[in-house]
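The form predicted alone is given below as one chain in structure tokens.
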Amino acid sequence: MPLGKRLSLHNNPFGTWSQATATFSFHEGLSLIDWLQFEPLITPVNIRIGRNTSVRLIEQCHQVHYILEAGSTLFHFNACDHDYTLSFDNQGRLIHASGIALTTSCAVHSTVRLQAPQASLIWQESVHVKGNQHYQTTLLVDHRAPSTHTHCQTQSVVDDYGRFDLRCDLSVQTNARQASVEQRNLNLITGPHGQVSAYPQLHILNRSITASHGTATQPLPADALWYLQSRGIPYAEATQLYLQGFLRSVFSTEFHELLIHS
């Protein structure tokens, strides 16, 4: 996968760094169409996306807190196969994608707070759990303002003795009138001992919203594989094609250029 343009937090033409608060602030009004990547950091760091700023970032850090100001847009891609924690205070537009072919067990914890009217979240997560690895992902989303929107989709393929655990809690507070909440989880178990545990939850404190959630787990569909084989594609290749299409189908077009090289 291309790493994007690698930048330092401390010497960067697109913003300023505050050592006192461990915060990098993008300049207001930027519109960056190239993917950027900050140097990997283990220590906690804050990243502020200024007003009317649009940024595309590839995540490699272990613990990051993002502040999205009004009118901002963040396209955020994460392909880390280590434990990490993300949090977002969002007054703008956040489009997140996470795509991992897991080679080691890891746990991911993400929190998003939608804090201004019209703030939105699109969350796309896809993971291939191989061998006897264990992937745990937790997403907590809190709607705190009217007319906020969340669309969350997670998909997994679990091989061999792998395990995928999902906890997705979407909350809508009493003042978040006219909020819209969607959550979907799809899983394929391809190994004889693969395990999936999925717990999608909604916590709704007012009635003037639209909401839906659901989860489904199944083996490889025999009819899809039969169709591919009937077109002259060998079973092993047909299986690989189907799994690749399944895992990538979750992602919106903004992330396709990254997936081509993944």
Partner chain sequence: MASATDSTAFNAGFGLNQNTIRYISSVKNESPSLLAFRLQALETFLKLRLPAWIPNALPPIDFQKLRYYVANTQRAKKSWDEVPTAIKTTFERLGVPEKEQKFLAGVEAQFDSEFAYAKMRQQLQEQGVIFTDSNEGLSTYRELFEPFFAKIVPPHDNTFAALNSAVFSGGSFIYVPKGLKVQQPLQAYFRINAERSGQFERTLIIVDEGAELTYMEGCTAPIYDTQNLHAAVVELVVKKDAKLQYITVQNWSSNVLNLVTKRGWAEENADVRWIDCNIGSKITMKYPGIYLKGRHAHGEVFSIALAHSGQWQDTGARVLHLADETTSNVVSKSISLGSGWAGYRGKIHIQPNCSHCKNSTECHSLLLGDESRTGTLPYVAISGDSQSVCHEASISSLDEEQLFYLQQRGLNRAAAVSLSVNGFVNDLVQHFPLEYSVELKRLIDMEVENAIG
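Numbering follows the first chain given and starts at 1. Worth saying up front: this structure is predicted, and the values here are computed from it rather than measured.
One more form of this protein should be noted, the form predicted together with the partner chain, which is absent from this view; the next part is about it.
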Problem - is_contact(Ser230, the partner chain) in the model of the complex, heavy atom dist at most 4.5 Å - result: no
Exercise for the section: Report yes if any heavy atom of Asn46 sits within 4.5 Å of a heavy atom of the partner chain in the model of the complex; otherwise report no. Expected result: no
Exercise for the section: Indicate whether Ser212 is a 4.5 Å heavy atom neighbour of the partner chain in the model of the complex. Expected result: yes
Practice task
Although the partner chain is absent from this view, report whether Gln218 comes within 4.5 Å of it in the model of the complex, heavy atoms only.
Solution key: yes
Completion exercise
Which of 47-55, 63-71, 222-230, 190-198 lies within 4.5 Å of the partner chain in the model of the complex, heavy atoms considered? The stretch 190-198
Practice task
Would you mind picking the one in Leu41, Ile204, Leu30, Leu36 that has a heavy atom within 4.5 Å of the partner chain in the model of the complex?
Solution key: Ile204
